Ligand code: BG6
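Coming up is one lone chain in C-alpha cells, specifically the form predicted alone.
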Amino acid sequence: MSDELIFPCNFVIFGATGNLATKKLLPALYRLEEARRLPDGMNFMAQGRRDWDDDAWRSHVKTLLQEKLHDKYDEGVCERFNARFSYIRGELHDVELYRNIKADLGKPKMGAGSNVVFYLSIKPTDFQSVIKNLDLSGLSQPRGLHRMVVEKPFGEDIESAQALNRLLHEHFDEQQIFRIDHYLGKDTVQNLLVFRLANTLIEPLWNRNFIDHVQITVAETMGIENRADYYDKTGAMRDMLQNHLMQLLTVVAMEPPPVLDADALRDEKVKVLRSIRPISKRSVHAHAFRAQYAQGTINGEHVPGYQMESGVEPKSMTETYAAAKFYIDNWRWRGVPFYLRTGKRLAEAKSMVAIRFRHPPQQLFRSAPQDAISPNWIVLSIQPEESMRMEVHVKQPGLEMNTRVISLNASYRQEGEAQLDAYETLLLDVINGDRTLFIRFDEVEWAWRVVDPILKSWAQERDFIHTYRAGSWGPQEANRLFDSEDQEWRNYL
C-alpha cells in the first residue's frame, strides 16, 4: 500500500446495511481509521432502505464492530470513524434518492472532497438502476472525476457482462471503473508474484518441464447464509470459479511483466486467459463437474442440505460445488492440467495453490520396483493461514537407504506483524486511485469465454445433479477430471 494519500474524497456506499458491507467493508474501513490511513477531510454516506437517521446508523455501526472485533474494538476509534458518516434512506430504483445524495454531497458537512467514490455493495441485478440513476441525477459528471467500484460477479455470462460494460462506459471512463476481486488484495496472492519472480531458485522450474499439474482450491464450511435469492440464481461457478479462482490461475501462470504497473500486469493475465484451450460442448463432462451439498455435519453440528435451505427453489439444480480442468496452450504450460475447485459446506475452510512437480526421470530410492516415491510439492496457503510449504525427500536415519518426505514451512508473516484484510488494501487503493489490483474488462470478458460453454451445458441438464455430504471434501465423482491415476485432490496444507 502506498504511504501517500491523494486529496480527500467522499465515499458513498450503496447497500450499506447489506451482508458485504456488514462483514467486510465497514470493519476494513474501521481498521484503516484505526491506522490513521484515511484522509482528514474524507466522509462517508451510507445508503440503505431502513428507516434510520444518522444516530441510528452510528449505533448500528458501533454494535456490529463490537461484535466482530471483540477485544480489538476501540471506543475512541469508533467515535472518530462514526463521525465521518451520514445515513441516507431510499430505494435504489428511485431517482429521488440520487437527487438527495447530490444535495447532501454539496453540503459543508461533507468536507472538501470534490471527487466521489460510489461503491456498489448491492446485488448485481441492481447495478443497472444505480448506474442509470447516477447519470440522471448528474452524479456521473464531470466525466472522468468520480470513481465507481463494482463488486463481482460482473455479469452472469459473457453477453450480460458486455452489456454491463457498455452501460458503465456510457457514463464513466475506464479509469474511473474499479472492478473488485478481493482475492487480488490478499497478501499471499501478491506474495505469489514475489515468490515466483524474485527468486532464481524458483522461476526456472515454473514450467511444463518440471511441473506435473497445478491445483487451486477455495473451500468453505459455511452454507449460503440467507442469501438464497442471490445464490440460487448464481451458483458456485459464477460466484467463485469464474472470478476468484480464474484470477488465481492467471497469477500462477502469467509471464513476468516488463514493468510492475497496472496495465503491464493485466496484459500478462489476459494473455493467460486467451491461451486457455476452448472447451467444446461435447467435452464439457471431461473438463467440468458440479454437485450440490446434502445434509451432514459441520464442526459437530447437523446442517441441512442445500434444497432444504430457506428460500431455495424446490428441486433446485444450482451447484454449490464446481470443479474444472483447464489447459493453457502456450510455450510455458502446454500439456500441464490446471485443476480448479470450489465448494460450500466442505470439510475445512481453506484456500490454497498446490503445485505438484514431476517425478525424477529415474526413481532410484524405492523399496520395490512397483513402488513410486511421493512427488515434490509447493503449497501456497492463502487462508486461514498465510504460508508456503515445500516438500522434499531426505534419507531416513538408519542402515537402510529409505527416504521420507519432510516439509519446509515458512510463514509470510513474522512475529508481531499484523495481518491485513484484503479489503483494507483494496479500499485504500480505491481512495488513492491505484488500479493495479483491480480487473480490466478484457480479463472479465475472457474469463467468461472460458466458462461459458460449461454454464450453457449445465443449463440444459435440469434433471439430475450429483450430491455430496456436508462436512466432506466433495463428491468422489469429481476425481474423473484427473489425467492420470496417481493424481488426486490435495486436501491438506
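As the structure is a prediction and not an experimental result, all values here were calculated from the model. Start at 1 and count along the sequence shown; that's the residue number.
Not on display, but discussed next: the form predicted in complex with the named molecule.
Q: Of 200 to 208, 159 to 167, 405 to 413, 224 to 232, which is the one stretch near the named molecule in the predicted bound form, taking non-hydrogen atoms within 4.5 angstroms as near?
A: Stretch 224 to 232 is the one.
Q: If you check K325, K132, H244, K123 against the named molecule in the predicted bound form, which one has a heavy atom within 4.5 Å?
A: Of the candidates K325, K132, H244, K123, H244 is the one lying within 4.5 Å of the named molecule in the predicted bound form.
Q: Which residue, K269, K186, R341, R290, is the contact with the named molecule in the predicted bound form, using a 4.5 Å heavy atom cutoff?
A: Residue within 4.5 Å of the partner: K186.
Q: Heavy atom to heavy atom, is R147 within 4.5 Å of the named molecule in the predicted bound form?
A: No.
Q: H182: heavy atom within 4.5 Å of the named molecule in the predicted bound form?
A: H182: yes, in contact with the named molecule in the predicted bound form.
Q: Look up in the predicted bound form whether E309 has a non-hydrogen atom within 4.5 angstroms of the named molecule, and give yes or no.
A: No, E309 stays farther than 4.5 Å from the named molecule in the predicted bound form.
Q: Just checking whether R356 would be counted as a contact of the named molecule in the predicted bound form - the rule being heavy atoms within 4.5 angstroms.
A: No, R356 sits far enough from the named molecule in the predicted bound form that none of its heavy atoms falls within 4.5 Å.
Q: Quick one: K24, E220 and Q383 and the named molecule in the predicted bound form, is every residue within 4.5 Å by at least one heavy atom?
A: Heavy-atom distance to the named molecule in the predicted bound form: all three under 4.5 Å.
Q: Considering only 238 to 277, what residues come within 4.5 Å of the named molecule in the predicted bound form, judged by heavy atoms?
A: Counting only heavy atoms within 4.5 Å of the named molecule in the predicted bound form, the contacting residues of 238 to 277 are D239, M240, H244.
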